[in-house]
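Here you get one chain, nothing else, as structure tokens; it is the form predicted on its own.
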Amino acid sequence: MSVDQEETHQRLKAAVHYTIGQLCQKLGEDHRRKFSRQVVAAIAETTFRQCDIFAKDLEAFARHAKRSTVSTEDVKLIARRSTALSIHIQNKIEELSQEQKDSKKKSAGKRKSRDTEEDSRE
């Protein structure tokens, strides 16, 4: 790994550790529990490694499909082993799809109203 890659790797790891620390603190407050530094570090390390595995798998799925871009289908493949995660991801995909349809309808409506205005001016 180059120096830049190593620095980026360490910064990402630190960001994950910080975020996990914040989540553990919030959960601890909500449930009147404390998380030791060692537990936070272990969760952060596990999370970082799992994200690395997910990223490599996503790249492999896209490459296998002869694509250079990771798609939602690749993400669904990653989540297939966890029913709850799979359902959550499917719901998010549907939400995003609906939002895209809604925004297309709005932009098409705006175009029609502009065209109508221009026609009435002429």
Partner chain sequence: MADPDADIIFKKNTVSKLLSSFFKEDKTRLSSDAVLLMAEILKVFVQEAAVRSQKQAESEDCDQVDIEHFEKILPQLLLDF
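Keep in mind it's a predicted model, so treat the numbers as computed, not measured. Numbering follows the first chain given and starts at 1. Each form is matched to the other, and the largest set of C-alpha atoms that superpose within 1.5 Å is called the rigid core.
The form predicted together with its partner chain is left out here; the points below concern that form.
At a distance threshold of 4.5 angstroms between non-hydrogen atoms, L27 is in contact with its partner chain in the predicted bound form.
Within 4.5 Å of any heavy atom of its partner chain in the predicted bound form lies no heavy atom of F61. Residue contact check for A42: one or more of its heavy atoms lie within 4.5 Å of its partner chain in the predicted bound form. At least one heavy atom of V75 is located within 4.5 Å of its partner chain in the predicted bound form. Residues T46, T47, F48, Q50, C51, D52, F54, A55, K56, L58, E59, R63 are the ones in 44 to 65 with at least one heavy atom within 4.5 Å of its partner chain in the predicted bound form, listed in sequence order. When two forms of a protein are overlaid on their rigid core, residues whose CA moves 2 Å or more are considered shifted, and K101 is one of them between this form and the one not shown.
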